[in-house]
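Next up is one chain by itself, shown in structure tokens, the form predicted alone.
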């Protein structure tokens, strides 16, 4: 049974050539769950892994739309519905120029186990388009979203597949897509999450992912006998996830000193608090996608162009930007800085090679599928709110979110203990998520 996972990794590589992001997450998950497969040969006999690495359904479609100059544009749209073992497919929609099947399949595969960790009744899926909303007018974004949903609506529904936002897709885009879905189906239901609160959305959803990340980080530090209060923190990104993370870090007494954008990073050792945190969101909303203006507004800060913030010395690092933001060379910087904790805020922000190096040098890594599960957990709460025709307040949502994140950490830590893995939360989270999905699949037969 040695190296049992390699058989399935090789199968995934053969069936998905040219999709390195998908292969990366398959390798990370499958190598982690080898102890479970060895303990449960019935999973192998039932073809569980072969079925998990193959989406239940994938659709690809063209998205024609007309820009403000009257020119016809054509983009590609996708939806990959990976697993419905635990409930309707649940996962975001991403609009970005680099979107292609490999990225969406990586996100969808991760979503299976992330959603399972929440303990809520949701399966895993992901979708998107190579459309770039940056620089587009509201009217152009609306026309694109309406065209996108004119095809997608056939494949979604409150008990089938419930999309949400992701990179490039916020409340505006969700609102336009929901409106077109309602127009086509005549249904105002819980098919869409991530809506604005004026549009049936959940109070606190915007900051939920960031808040959840910090709750998870607090539990990790507590497990290691340390407190979050008083720690210095470096993050990457300055979108909604980074903003929510910054807000909760300040509330819990940690000191954020750096964040980054595509143009470089900001170092503000006086602390990024109060109006500075609010300005991060203003920068994102400007559509310029740069962080340099922060140093102009707050002269005590330094702007370091063209660099990532991983050379800044801190107690805790939280990458909240894009996949593979931390590579081996950055992991070496972190270790040289004396890094003890890295909590992943973005999806798969650390390469497998970098994770191995960090763990080999004593760094505790909190994996994204556990740490950033607060966002999808609150999306599921939004589904429940819509189904019950209720409105919950922020305090109710935050209390449920905190409880969910505490339980996720405990599930991962318990899995580590059960399989004698020390405190390897990467493996623990994969195992805990996989076990829940596997048990449901076994109950449902070969489907």
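Keep in mind that what you see is a predicted model, and the values were worked out from it rather than measured. Positions refer to the first chain, counted from 1.
Another form exists, predicted in complex with a small molecule; not displayed. Remarks below refer to it.
Taking the shortest heavy atom distance, is residue 91 within 4.5 Å of the small molecule in the predicted bound form?
Yes, contact at 4.5 Å.
Does residue 178 reach the small molecule in the predicted bound form, with heavy atoms at most 4.5 Å apart?
Contact check for residue 178: no, nothing within 4.5 Å of the small molecule in the predicted bound form.
Does residue 165 make contact with the small molecule in the predicted bound form, using a 4.5 Å heavy atom cut-off?
The answer is yes: residue 165 has a heavy atom within 4.5 Å of the small molecule.
Do residue 375 and the small molecule come within 4.5 Å of each other in the predicted bound form, heavy atoms counted?
Yes, residue 375 lies within 4.5 Å of the small molecule in the predicted bound form.
Going by heavy atom distances of 4.5 angstroms or less, which of 347, 84, 147, 191 would be at the interface with the small molecule in the predicted bound form?
Residue within 4.5 Å of the partner: 347.
Quick check on this chain: which one of 111, 118, 260, 129 has a heavy atom within 4.5 Å of the small molecule in the predicted bound form?
Answer to the contact question: 111.
Just one of 295 to 303, 157 to 165, 224 to 232, 263 to 271 has residues with a heavy atom within 4.5 Å of the small molecule in the predicted bound form, so point it out.
That would be 157 to 165.
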